[in-house]
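Next up: the same protein chain in two forms, each one alone, written as structure tokens (structure 1, then structure 2).
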Structure 1
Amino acid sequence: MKRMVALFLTLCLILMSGVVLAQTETPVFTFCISHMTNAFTVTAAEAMTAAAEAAGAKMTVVEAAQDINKQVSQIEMAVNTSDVIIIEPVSTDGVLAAVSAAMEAGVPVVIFNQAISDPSRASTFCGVSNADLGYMQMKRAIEDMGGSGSVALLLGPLGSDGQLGRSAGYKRAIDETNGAVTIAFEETANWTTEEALVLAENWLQTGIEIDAFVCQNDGMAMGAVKATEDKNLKIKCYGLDATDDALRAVKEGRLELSVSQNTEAQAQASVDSAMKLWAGEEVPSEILAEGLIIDASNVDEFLK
């Protein structure tokens, strides 16, 4: 009888120990981000880390410096160290094999902000419709031009979802003008202010008419702003990301507007999804945040 009681107590202790372990186990996430060279990606990494900390998870951030081979290697390494991998892809196609390999190894994958070309490869996508963001940005630029004119486009890295989606949105808005709006120049500045400044300066020196610079992120928009200011030209510039520098420029009347893609909401949705996947729960295949135009009429609400 005493032996049975002792065995029973031992089993209880083992079960209780298991419960304690389960309750205190900390999920480990890796955030593979394409680069960390502008305000958007820095904000995204900070928001992701803060959301993970609040959820009781450990978050490691690794950046690929826009190198797809480096990002694939980082994903492969994360498979061995992470419960869930969150990826902001360098390209829409380049990460597909690595995403599939992670999923086959039993590690869920959350795609953040920039979609991959085959969303079914991952557990979920938490981001925005880049086509919708591009459309609303270009639509406003066209309205400000009075429905006709010539635009110069500063694009993100060619082949990235941000570039492809926003360009598709631009095309849709421009096509609606039935030829009244034309594209004077169109080239990638790889999300950077420096490359955008050089391109904008070169374009302005040609003497070809430009009525607006429409830029796929705020960093490039600020490069266009500087180029026009250096030449004392009054050409409207349009950004996207709602970074602090851009919002201050909107407040000062130097930048016409920026489109917010609600970075913090995307990061929160990604971490929430990762927590559910770690717990074995199902998540929607797609969770989208809504974009918002921030201009002189509402910028004070968003300035920090």
Structure 2
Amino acid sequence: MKRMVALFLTLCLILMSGVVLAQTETPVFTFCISHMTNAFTVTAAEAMTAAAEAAGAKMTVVEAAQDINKQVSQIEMAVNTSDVIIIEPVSTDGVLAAVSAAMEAGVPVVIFNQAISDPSRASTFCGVSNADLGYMQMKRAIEDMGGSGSVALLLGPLGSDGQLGRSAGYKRAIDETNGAVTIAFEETANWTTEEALVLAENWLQTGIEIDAFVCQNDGMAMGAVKATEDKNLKIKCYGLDATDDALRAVKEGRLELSVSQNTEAQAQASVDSAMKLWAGEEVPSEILAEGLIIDASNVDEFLK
């Protein structure tokens, strides 16, 4: 009997603390990010923190080092400490259960940048369409080639969301040429400059004609740039992500262009949605930011 009372009291306490938490003046958000080891994720974390600060919210950033198990634990923890959870998922399926659990516990979830496989489980998705980014990038490359030619593709890790989406965009753009543009090479360089450099060197070695290197991120594009420069070849390279280094290369004319996925806009949208959810307002199920092409004509606006 005594034990039952103790249990009851403990439960009450937990519930009350939840109520207290929900009624605090400043909203508390947790941003669960997949990792913090490349330019994109670091920028995202910074933009997220800045946007929250501007909105008067408290933002905690936790990173999962690409470990889905770790991220699930972090989400479970955030349920107890936060008003809204923003998640950049490690795996599009792996977080589903944790997302549902959070929602059922009454904590809204905003999915950031990478959509989960069942978007209906979360409150909203704030991101960008990878397919659109890929399409924009490839479309420009095809225009620059004059509508026909052959391209070499440097891809992200096969099967990753970014790779799949961007490759789908490439396919759409290439299909529109009705066979005028062909793919000379296509391989993953796992987002890294070193691997891209070696692959590009080896492809150039074959003597097969390449009119453009279209790369799914800027790091790999810089590897392709290096390989072509080493061989004194003038082959246009196309990047994606708009990292500082890539923008500088655009300015110097070494890289043709980079596509910005507008990380700041995505972060801003996430924080806006989180604020609305905290206040109990409705949000649309999907908010997509626009991609931006940054080339020689507008690079100065973006170079810091």
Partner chain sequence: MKKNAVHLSSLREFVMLIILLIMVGILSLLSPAFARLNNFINIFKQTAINGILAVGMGCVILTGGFDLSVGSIVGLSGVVAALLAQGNTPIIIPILSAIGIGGVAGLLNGTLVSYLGIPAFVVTLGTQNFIRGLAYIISGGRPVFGVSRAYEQIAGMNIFGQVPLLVVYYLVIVAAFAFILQKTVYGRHIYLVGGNAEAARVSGINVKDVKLSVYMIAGLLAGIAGMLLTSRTVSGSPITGSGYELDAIAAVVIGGFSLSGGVGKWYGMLIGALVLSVLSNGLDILGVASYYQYLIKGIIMVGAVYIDVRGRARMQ
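The model shown is predicted, which means the values in this text are computed figures rather than measured ones. Structure 1's sequence is the ruler for residue numbers, which start at 1.
Note: the form predicted together with the partner chain is the second of the two, structure 2. Regarding the hinge between rigid parts between the two structures, the matching entry from V128, V99, T41, L197 is V128. Domain motion between the two structures: the smaller of two rigid parts turns 15° against the larger, based on C-alpha superpositions.
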